[in-house]
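Only one chain is given next, in structure tokens, and it is the form predicted alone.
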């Protein structure tokens, strides 16, 4: 069994528009211990089973796409039965689908005894989605290009509270509303890298930045409401992750995060107290 951890974007800047139609970004991603689980077993054909009724189990699922891509690229004739147990909310800015795809690549590489190094898996991962290469590594990392070029950065023992409104959003739609006036030079990402190096939660909180937050806030009032609730409950700072709509608050400690979570929990929101993961985002687990 594999666990596939979520991520949050501690800082995200849009630097400009690329010739391929994507945006050039700079972002600091941090893996956190809210995880999906995948069980990968030998089978004659590729088969995907999903625990969540709102998550497709057909070929459109990124897990199925990752499995097909690896089998075709590696010229493997075997199949696999993949069971996906979802805990990370869908279309939430937490990279759940990308984490699941990365876990699929790693799990199938092991099952099929390919012996591929991480760098080779990362090349294939980049064709599946901009966040997928990050999850092959984990910890804290700087993402550049479309976000697919990943370099590790110094992490810290941080705790957060995640709040999700139960409303999904579309990454292409959010990016489609970005204007040149929102472009920046990457200095806010540099500030976050320095803040992580300081290992001070308060400095990390002061350095939070997401260029997409203004776009999401204009369309979804929940972003403003969740940020206000986190700050009122004692978070040192709060920001949106990725293209949203999950908002996270920085806590002084994990106990503090649990206290904040209890204060902001309400019927229409899902809330988690989580820790930063300083090691791999994809981990092998023994079934209990």
Ligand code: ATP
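Just so it is clear, the structure is predicted and the values come from calculations on it, not from any experiment. Numbering follows the first chain given and starts at 1.
There is another form of this protein, the form predicted in complex with this ligand, and it is not shown here; the text below is about that form.
- Within 4.5 Å of any heavy atom of this ligand in the predicted bound form lies no heavy atom of residue 109.
- Although the partner is absent from this view, residue 191 stays clear of this ligand in the predicted bound form, with no non-hydrogen atom inside 4.5 angstroms.
- Interface residue remark: residue 136 is not counted as part of the site for this ligand in the predicted bound form, having no heavy atom within 4.5 Å.
- This ligand in the predicted bound form comes within 4.5 Å of no heavy atom belonging to residue 69.
- Contact with this ligand in the predicted bound form, defined as a heavy atom within 4.5 Å, holds for exactly one of 231, 46, 39, 62, namely 62.
- When this ligand is considered in the predicted bound form, only one residue from 165, 201, 89, 143 comes within 4.5 Å through any heavy atom, namely 89.
- Residues of just one listed stretch (92-100, 203-211, 74-82, 116-124) have heavy atoms within 4.5 Å of this ligand in the predicted bound form: 92-100.
- Counting a residue when any of its non-hydrogen atoms is within 4.5 Å of this ligand in the predicted bound form, the one hit in 163-182 is 171.
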